[in-house]
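In structure tokens, one chain follows: the form predicted on its own.
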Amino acid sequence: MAIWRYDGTFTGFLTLCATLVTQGEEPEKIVSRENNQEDLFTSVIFVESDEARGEKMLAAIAARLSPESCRLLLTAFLSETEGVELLLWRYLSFGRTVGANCDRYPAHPAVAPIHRLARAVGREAHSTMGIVRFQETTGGQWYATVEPAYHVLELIAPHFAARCGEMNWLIHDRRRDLAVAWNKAEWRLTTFDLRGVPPLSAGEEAWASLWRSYFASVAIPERTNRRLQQQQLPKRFRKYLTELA
């Protein structure tokens, strides 16, 4: 059995797909990391990531299927679900057969899993955008911490670039030791390993205290509904909310 391996990036995955199409291969397994179950009877084929080839493959998908299919591919890929690569490949294979009609078969076994994963990641991205709380650091940069269930930094970055474009900010995903940083011109994804919180500006705690006071003052204790709170704001989102600190 052959195992196809890539570097774990979306570009790397697209490069691998381009290789499979060119060689006419049908993979049994696609992985992005070392597999402890490999043995002497397993051959591993590693495909080097190629940005130009990946972009060409994405353009071909957009032309053959649709730009929406490209969005679905990326969003489902960011779920980091085990085995998602093979699901994406099956979706692409089906798309190569039916073309632009691919997503008109939402119940098809090659399409349904991708739509389901994309919806889940999309919901997580939307929820994460709502709980980002920036804090001003001593260096004048604005810092926020999140721990989303899925890798959504790339999906939320355009929103904050448009909304907070006049300031330098960084959103840190502690679960993955990654961050997306904006420098008033462009955003980029980078590795970022930080324990604790960076030094905050002198006025940050004062503003945080005012926000907590406001939050407490508008609350109506008699109308507290813990079950509804849990539904709308699960506990895993509350850890880094200024008003609940």
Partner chain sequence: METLTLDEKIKLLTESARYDVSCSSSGSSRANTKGGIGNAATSGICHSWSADGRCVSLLKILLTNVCVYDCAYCLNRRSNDIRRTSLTPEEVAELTVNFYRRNYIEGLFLSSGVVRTPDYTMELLIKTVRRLREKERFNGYIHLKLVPGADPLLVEEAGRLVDRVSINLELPSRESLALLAPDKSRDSIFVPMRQVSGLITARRDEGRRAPPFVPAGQSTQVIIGATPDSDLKIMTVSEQLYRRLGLKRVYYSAYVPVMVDPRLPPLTSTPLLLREHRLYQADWLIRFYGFAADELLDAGAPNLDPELDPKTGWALRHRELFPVEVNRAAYQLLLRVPGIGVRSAQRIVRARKVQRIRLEELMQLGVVMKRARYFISADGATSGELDLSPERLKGLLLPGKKRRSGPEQLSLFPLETRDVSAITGEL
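Values in this document were obtained by computation on a predicted structure and should not be read as measured data. Numbering follows the first chain given and starts at 1.
One more form of this protein, predicted in complex with the partner chain, exists but is not displayed; see below.
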**Asked** So which of G139, G99, G130, G83 gets a non-hydrogen atom within 4.5 Å of the partner chain in the model of the complex?
**Response** G130
**Asked** Among 188-196, 202-210, 55-63, 22-30, which stretch has residues with heavy atoms no more than 4.5 Å from the partner chain in the model of the complex?
**Response** 202-210
**Prompt:** Is the partner chain close enough to D103, F215 and I220 in the model of the complex that each of the three has a heavy atom within 4.5 Å of it?
**Reply:** yes
**Heavy atom of R175 within 4.5 Å of the partner chain in the model of the complex** = no
**Request:** May I ask you to check whether T9 falls inside a 4.5 Å heavy atom distance of the partner chain in the model of the complex?
**Result:** no
**Asked** Are any of the heavy atoms in R71 no more than 4.5 Å from a heavy atom of the partner chain in the model of the complex?
**Response** no
**Message:** Can you work out whether R226 and the partner chain are in contact in the model of the complex, taking contact to mean some heavy atom pair no more than 4.5 Å apart?
**Reply:** yes
**Prompt:** If we check the partner chain in the model of the complex, which of the residues in 6-29 reach within 4.5 angstroms of it by a non-hydrogen atom?
**Reply:** none
